[in-house]
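This document starts with one chain, in the form predicted alone, laid out as structure tokens.
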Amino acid sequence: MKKRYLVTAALPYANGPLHIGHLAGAYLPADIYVRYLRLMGKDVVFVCGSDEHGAAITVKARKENTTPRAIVDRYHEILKSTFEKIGINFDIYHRTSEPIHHETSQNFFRKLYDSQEFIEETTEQYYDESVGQFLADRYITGICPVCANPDAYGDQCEKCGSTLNPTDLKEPKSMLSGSVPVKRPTTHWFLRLDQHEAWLREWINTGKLNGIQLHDPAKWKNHVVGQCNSWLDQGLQPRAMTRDLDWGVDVPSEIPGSEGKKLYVWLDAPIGYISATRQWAIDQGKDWEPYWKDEDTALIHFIGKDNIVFHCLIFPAILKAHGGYVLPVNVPANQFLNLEGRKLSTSKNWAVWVHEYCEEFQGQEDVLRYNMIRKMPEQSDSEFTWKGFQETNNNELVNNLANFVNRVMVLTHKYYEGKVPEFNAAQTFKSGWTNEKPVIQADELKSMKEKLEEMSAKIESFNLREALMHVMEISSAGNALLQFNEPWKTIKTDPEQVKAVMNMALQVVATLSIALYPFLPFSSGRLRKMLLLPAIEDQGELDHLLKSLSANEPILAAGHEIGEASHLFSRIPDEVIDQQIAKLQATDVANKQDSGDKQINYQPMKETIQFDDFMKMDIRTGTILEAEKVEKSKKLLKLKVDLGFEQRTILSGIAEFFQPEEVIGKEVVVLANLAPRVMMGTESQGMILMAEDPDGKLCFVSPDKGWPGGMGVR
């Protein structure tokens, strides 16, 4: 590990609020990683801030008939407060409109200009004659040349993710007036990216620069390296670093031809990480330069996949061209999070807004954090659904984590007056980890340490979903410890063993109060209060815990008094989820009314599989012989299905769409080699295949009438 860390999260545009796609893409991963580093006692600075320049801001201001300053002032405060409410703990949340940022950006431009890293070129760019203005990238829309999306921007297609130039668009039009723009000559400064191509290729793919190993390419995500190589293989071209705008950072006035020119937002914005660090250092009375210029610093950028090229090619080229700055050791970009089968869309309000969630689900911030981690698009696009949100909360957070903690706290007060019991260290009990064999506390502490080490390894490799699952496995092991030993049954017959069991269960709860901190900081804080332990202060608590477990030292000493039990999480009822789904449906109706669009919204394609993967599935025809509702379940029908060669019991989540008597005799298609799964006390031995329409209605996938059962589908 490096001596110090400078961690950045992508600067959000200050032209709208934060939605869950932003959260899962960049900010939550960065926050988890930083909290973990601090738990390990590392020196880390975590910076972010509002990106307050660029055409997106001025487009928003024009739409609302106000000024860019009014827009950025409003949304900066919304973004800042939203991050605080959801527990994203920056060292500084800065603004690119601050004087220190303008100064820093202009100094960068001067240095690159003086070093002859720019070429000055006059090119034809789009101009809106009706308003008398050159059009920046985001002022132009048209048809994407890659995917034919009719609403692509001049710099990027948000449908296929392609990076574009305005002149690439087909049928361009001005966003200012709706008119067709014309081309006029204008002069700008271009960064000679072509001169940086060779070293960028070597640095991306080998981690080396001038023979020095700067990063481990094996730790970079495949889609990050792949997107960089795609650009490199096409050949890097000079890219304009200035724009004709009236809002942004001025090109330094002493440079000839600077009048009316602003810095390109992708020159200005990443320099915002540096200016934010400078401001943090001033506020804290520290030196900012080691965090950006010392080779023993690890610079890590957390971003979404649409920003890969800017952070992996353009910004590193700017840093190297300037000289004296470290390059990133990793850019762990996530892919996109979809919502209820569709791409998140700010313009169409198809989103779950984080500030609204915090208002409507007060005290349940960690429920959203947990769901975002479980659905984090680390290697491929993923999807959030409100039903999945509910099931994850009720089944994992409530049934596993909260119930375990509550049982331990209640039993400790019941049996030992709220104090950690003292016990004979040689006393054995049944393990909570792999099986029911008798162990002593030292064995359980060792297993818990190993699980924490697995969690740490996953965080360090930016595999945060698996890291969280290792934490939940600790909770599951705690539940198993109680279930295997049943202290409520043996308290009278073997009180000494119960002391050992309850002492160990309390050690698990104390361990969770630290292990949960990177992921669920609010719940971690509540656990610490329940246990009457001091709040975590980011001073190496996990490092200390691992050392204690290695030395077979319990976290809670015998006799330590704990506080009263309280529920970490509560079940979320159907009506709450139904309200959120209804809100999205209302948005959908409004969008269709506004646009007159009757187009079907198809679910996104899943990740490509190989033919061999398909051949592993054994799909058969069958007939439903019997059907009945499953007691205490609104969704499940219990079906008896004839496959010809045998009959199967299958539970199917179709009770909201079909009555049992409707499906008897239905000829169906069954995934027959799906691993059996116990639901509501019944083992389901396969899956009925169904089709779903845009409104969520289901229908059976059926063979021709009279088709024999048990036949393979291919």
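Residue positions are given as counts along the sequence shown, with the first one as 1. Given the structure is predicted, the values throughout are model-derived calculations rather than measurements. Basically, rigid core = biggest C-alpha set you can superpose within 1.5 Å across the two forms.
We do not show the form predicted in complex with the RNA, though everything after this point is about it.
Residue (of R110, H223, H413, K286) lying close to the RNA in the model of the complex, criterion heavy atoms within 4.5 Å: Exactly one listed residue reaches within 4.5 Å, namely H223.
Counting non-hydrogen atoms within 4.5 angstroms of the RNA in the model of the complex, say which of F569, Y517, W189, Y126 makes the cut. Contact residue from the list: F569.
Stretch in contact, per heavy atom within 4.5 angstroms of the RNA in the model of the complex, of 243-251, 274-282, 403-411, 102-110: Looking at the partner contacts, the answer comes out as 403-411.
Is R465 a contact residue for the RNA in the model of the complex, using a 4.5 Å heavy atom cut-off? The answer is yes: R465 has a heavy atom within 4.5 Å of the RNA.
Find out whether any non-hydrogen atom of M687 is located within 4.5 angstroms of the RNA in the model of the complex, and reply yes or no. It does: once the RNA is placed as it appears in the model of the complex, M687 has a heavy atom within 4.5 Å of it.
4.5 angstroms heavy atom contact with the RNA in the model of the complex for R95: No, no contact at 4.5 Å.
Looking in the model of the complex, any heavy atom of R677 within 4.5 Å of the RNA? Yes, R677 lies within 4.5 Å of the RNA in the model of the complex.
Non-hydrogen atom within 4.5 Å of the RNA in the model of the complex for each of N15, R62 and K529: Not a single listed residue reaches the RNA in the model of the complex, so no.
Quick one: which residues from 226-252 get a non-hydrogen atom within 4.5 Å of the RNA in the model of the complex? Heavy-atom contacts within 4.5 Å come from G226, Q227, S230, W231, Q234.
Determine, after fitting the two forms on their core, whether A672 shows a C-alpha shift of 2 Å or more between the shown form and the other one. After core superposition, the C-alpha of A672 moves 2 Å or more between the shown form and the other one.
After fitting the core, G49 CA displacement of 2 Å or more between the shown form and the other one: Superposed on the core, G49 moves its C-alpha less than 2 Å between the shown form and the other one.
How about L639 - superposed on the rigid core, does its CA move between the shown form and the other one by 2 Å or more? The answer is yes; the displacement is at least 2 Å.
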